[in-house]
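Consider the single chain below, provided in structure tokens and representing the form predicted on its own.
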């Protein structure tokens, strides 16, 4: 858990532009219009809890082997506190893309679910998948509601109604190199690896000295070299579900463009071809389903966020994992990057909101939900940091929307630099660079659904092989552009541009 000094530093820095909400307890203001009744004073409306209720919650993840013992402990606690139990249903990583949308069209009765921008929150809300929370949130989860900022609630509002409860923990739009510090030291590279030239230098050394390892961790569905390239150029994707359409947030009126129209695209694809020829990743990466190669010592580097890096440092402190920041302008992710929604089929929406209020304000309940059973699935040290006893049994909850700044604990072994880097990012954000003003922008894809589906297919069929250097960079780039245009990307860009312009106009 963050120490008091760090909490004060971050709380002072944040003004209400977190990935999903402002920091709990940092004095953020709720919307001016407070509902009548007890909600304005932070007290939940009276609900008859004499009848025991079982809430059903859906999350996306593979069910942990030790979930039964976690559920038993949590439900005992919830029964005591609010005469409620909870049943958690799981949609696995290999099936969520198809099963998650069907969840809301099947008519199945359930109460709550994890949702996010990358799960098409806005589109599902417009299609009537969720109950509006305009009254439910302030009335039955008043403590949570008071900690939400105007910006957070605005992003959770679709067509005039609040449809989600944003989480209360900051996350950032940063990607960088996560690499083996012990191997970098052997290679004589003591500075952070945060340029493509240094990535290549490190890769060359790995190939020469550790040929059994992949240099860069790439696997099916995780081809994100282009995302790292664009973030380093200072560009930002239009949304997390369509990482092939970008804009430059430093421009006063940004122009939306496709990845292949970036003037630096030929240089990028030449680099990818060169990396591929050197064998920096497997020739069968697009059929490789192993997502654990870096943490298991099979790969020397990957590109991802600071939380992935901190997790690796805990798993293997002996490998001295380092993080090279390769995003030129750090900003907060949208507030709805992680959120909780109430299903339109929910039979107990009031009790569900009461549960959420308790979960996000009560440390005992939060620990039981998020970390499991003290002494069985996790331990705590004197500083309040947690250690997972057996990651194969249980790690932490996949319901990331439940995280709050005050209740979330740091994992024992996470370097102090994890806190100092985040504090530095907050300082930079307050200096008002370009990307932060777009935190609240959410691309509504409802008018270009067909074109986006076509473009995603083209990206996988032509874009990913090009990005991995499997095809000639010149001919491959031309073919990729042609196929994208045939798929309707120009319609997508026009729609994104219109919405981005309208967003900026509304801010002025």
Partner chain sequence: MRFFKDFAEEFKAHKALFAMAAPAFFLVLIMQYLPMSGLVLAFKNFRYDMGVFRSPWNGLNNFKFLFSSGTGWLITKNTILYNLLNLITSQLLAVIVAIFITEIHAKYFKKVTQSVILLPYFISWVVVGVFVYNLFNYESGIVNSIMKAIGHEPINMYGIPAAWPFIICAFNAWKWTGYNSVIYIAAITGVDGEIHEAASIDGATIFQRIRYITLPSIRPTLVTMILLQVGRILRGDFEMFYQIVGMNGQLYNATDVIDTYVFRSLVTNPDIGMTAAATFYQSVLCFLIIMVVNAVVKRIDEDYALF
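None of the values given here were measured: they were computed from a predicted structure. Numbering follows the first chain given and starts at 1.
The form predicted together with the partner chain exists for this protein as well; it is not shown, and the discussion that follows is about that form.
For the chain shown alone, residue 171 is not a contact residue for the partner chain in the model of the complex, no non-hydrogen atom being within 4.5 angstroms. Taking non-hydrogen atoms only, residue 55 never approaches the partner chain to within 4.5 angstroms in the model of the complex. Taking the partner from the other structure, the partner chain in the model of the complex has no heavy atom within 4.5 Å of any heavy atom of residue 424.
Though the partner is left out of this view, residue 129 does reach within 4.5 Å of the partner chain in the model of the complex, counting heavy atoms only.
Of the listed positions (89, 105, 292, 381), a single one reaches within 4.5 angstroms of the partner chain by any non-hydrogen atom in the model of the complex, namely 105. Though the partner chain is absent from this view, in the model of the complex it lies within 4.5 Å of a heavy atom of just one residue from 221, 413, 234, 349, which is 221. Proximity of 242, 464 and 487 to the partner chain in the model of the complex is complete: all three residues have a non-hydrogen atom within 4.5 angstroms.
Of the candidate stretches 224 to 232, 350 to 358, 393 to 401, 276 to 284, only 276 to 284 contains residues with a heavy atom within 4.5 Å of the partner chain in the model of the complex. Interface residues of 340 to 368, taken as those with a heavy atom within 4.5 Å of the partner chain in the model of the complex (partner not displayed), are limited to 344.
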